[in-house]
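In the form predicted alone, a lone chain appears below as structure tokens.
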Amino acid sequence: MLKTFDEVIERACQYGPKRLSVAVSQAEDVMTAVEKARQEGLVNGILVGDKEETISVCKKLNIDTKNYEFINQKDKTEAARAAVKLVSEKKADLLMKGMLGTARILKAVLDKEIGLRTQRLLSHAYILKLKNYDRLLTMTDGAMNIAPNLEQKAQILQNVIEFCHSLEIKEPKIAILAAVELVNPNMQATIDAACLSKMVERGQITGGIVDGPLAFDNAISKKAALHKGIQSQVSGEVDAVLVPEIESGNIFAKSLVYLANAEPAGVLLGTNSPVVLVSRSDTAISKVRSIALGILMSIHNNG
């Protein structure tokens, strides 16, 4: 089990360098991250975007442009398509969202002709390292699916279980979150959580140990769970949490980052090749961590 981002990067370096396709590369934070990842031995970058602007950014950051391949595409929509196509044609191993909106890169990823779609629902994983928690905590889905129904949550759950396998967690422990730990017919999140737990029990979802509904305190703290009389296989040892809908996930992750100084990373799940998908406001080191996670996903998927 990889418990820290340092361990993730160290393990990813053993498999690098991989070919990284960067969609819209002409931004300082993007190039800082890509260059750091290159120096770590993680990737060789293919920079898709405005070549002149990207070279200007590289010069400002003292980055040697000889270390990169450039594809000049000034239009951001076309740059996204070109970057995705490199991955779909196996000319690159993983995709990274650069300085463009998520909707634009997702449109290219989902394109039927050149995209990276599978039969699985796409979902997002936000990976966090907290100072007072002994492992990485993955949260899904606070960025993609707005109000997933039970069928969609089942796919999101299977996605995150398989992602945890790439972190060398044989049987990841997943908590299905709600506001309370008892099934309440008036609270759909509790009904969905109970159904997901039973689906795992019956083998409809495989590869992990799942419990829910659990309130967050009962999920993250065995002491809190026992205080409420809850006996759970996942309490206090949670590798990932599945949130009820996008608002709670978005607030959950960003609160931990901005108020508890959690270290974040982000990837897209459910594609046939890894997609590094982080916020444009995320730091360069967050992007490097995400690239490392993408490399581990590529190894696991091809494994």
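A residue's number is simply how far along the shown sequence it sits, counting from 1. What you see is a predicted model, and the numbers here were worked out from it, not measured in a lab.
Not on display, but discussed next: the form predicted together with ligand COD.
Undergrad: Given that ligand COD is left out here, which of Gln188, Ser232, Asn145, Gln73 has a heavy atom within 4.5 Å of it in the predicted bound form?
TA: Partner contact (heavy atom, 4.5 Å) among the options: Asn145.
Undergrad: Consider the chain as shown here, without its partner, and state which of Leu106, Val180, Ala224, Leu128 has a heavy atom within 4.5 Å of ligand COD in the predicted bound form.
TA: The residue from Leu106, Val180, Ala224, Leu128 that makes the contact is Leu106.
Undergrad: Counting only non-hydrogen atoms and a 4.5 Å threshold, tell me whether His165, Lys170 and Ala262 all contact ligand COD in the predicted bound form.
TA: No residue of the spot touches ligand COD in the predicted bound form.
Undergrad: Can you pick the stretch from 172 to 180, 213 to 221, 196 to 204, 115 to 123 whose heavy atoms fall within 4.5 Å of ligand COD in the predicted bound form?
TA: Flagged stretch: 115 to 123.
Undergrad: I'd like to know whether Asn272 contacts ligand COD in the predicted bound form, with contact meaning heavy atoms within 4.5 angstroms.
TA: Looking in the predicted bound form, residue contacts with ligand COD do not include Asn272, since no heavy atom lies within 4.5 Å.
Undergrad: Spell out, yes or no, whether the shortest heavy atom distance between Leu150 and ligand COD in the predicted bound form is within 4.5 Å.
TA: Because no heavy atom of Leu150 falls inside 4.5 Å of ligand COD in the predicted bound form, the answer is no.
Undergrad: How about Asn250: is it within 4.5 Å of ligand COD in the predicted bound form, going by heavy atoms?
TA: Within the cut-off, so yes.
Undergrad: Consider Lys51 of the chain shown here, and say whether it contacts ligand COD in the predicted bound form, taking contact as heavy atoms within 4.5 Å.
TA: Close contact is absent here: in the predicted bound form, Lys51 is far from ligand COD, nothing within 4.5 Å, heavy atoms only.
Undergrad: Can you tell me which residues in 1 to 16 come within 4.5 angstroms of ligand COD in the predicted bound form, by heavy atoms?
TA: Stretch hits: zero.
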